[in-house]
Ligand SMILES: C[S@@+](CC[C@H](N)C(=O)[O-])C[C@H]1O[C@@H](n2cnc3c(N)ncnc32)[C@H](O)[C@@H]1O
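This document starts with one chain, in the form predicted on its own, laid out as structure tokens.
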Amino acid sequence: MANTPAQPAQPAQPEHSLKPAHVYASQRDWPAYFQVVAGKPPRETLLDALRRFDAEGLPRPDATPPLAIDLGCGEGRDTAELLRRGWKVIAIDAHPDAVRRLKARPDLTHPERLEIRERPFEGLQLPAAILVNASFALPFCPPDHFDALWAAILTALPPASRFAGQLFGDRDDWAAIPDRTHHTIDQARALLADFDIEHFQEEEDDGKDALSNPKHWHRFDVVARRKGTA
């Protein structure tokens, strides 16, 4: 895969000059975010990937559960869905409040199939998995560490496995925050050179963030299957 550099870091702006969405995002008020999104359904990109695995007969009832890695699992909406559907899950998040909320979910079934790791993206090592799910998480990897994280994802995914999640575009409001990783559409597609792209949807509109701050969104929703046969 071509090594696609992340967007160059931009100089930090004084907090008072930032838009409300920038202030929230730059401060990373994760407890407030987790509180607002509590109870929301799993992300559609994950559900899309799971429908494709269902069509391929995974998970198999008489076999060892396949492994999914949920990167930036947050309060656990995607992790809970994976467990419910018969997967084994390694859920990874750097924030202790995410770990606490995940463990406390009332809909968390089969905890024996769940491993939780409280880790940042920087220096992350991943085991082999059939699915890497990263719902709205990868932009929060600092640009200096994104290439290593993406390489770890590629190493973890064997042929016929899948990646599901989001990459954020260069016109997204949060691209102005120096420690975020955003991509042009060409860079996003280049990252997926080792995959057969099953779903790639560019979304751009004016809306709100999770805390109801005005925000211009620009993202790429992705479901992609690693090239080759299992």
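No experiment lies behind these values; they were computed from the predicted model shown. Don't overthink the numbering: it's just position in the shown sequence, from 1.
Keep in mind the form predicted in complex with this ligand is missing from the figure; the text below concerns it.
Quick one: does R119 come within 4.5 Å of this ligand in the model of the complex, counting heavy atoms only?
-> It does: once this ligand is placed as it appears in the model of the complex, R119 has a heavy atom within 4.5 Å of it.
Taking 4.5 angstroms as the cut-off for heavy atoms, does A148 touch this ligand in the model of the complex?
-> No, A148 sits far enough from this ligand in the model of the complex that none of its heavy atoms falls within 4.5 Å.
Does the 4.5 Å heavy atom contact test between A94 and this ligand in the model of the complex come out positive?
-> Flag for A94 set to yes.
Is there any non-hydrogen atom of R77 lying within 4.5 Å of this ligand in the model of the complex?
-> Although this ligand is absent here, R77 would touch it in the model of the complex, with heavy atoms inside 4.5 Å.
107-115, 83-91, 69-77, 151-159: which one contacts this ligand in the model of the complex at 4.5 Å, heavy atom to heavy atom?
-> In the other structure, the partner sits against 69-77.
This ligand isn't shown here, but in the model of the complex which of A137, I130, L126, L102 has a heavy atom within 4.5 Å of it?
-> That would be A137.
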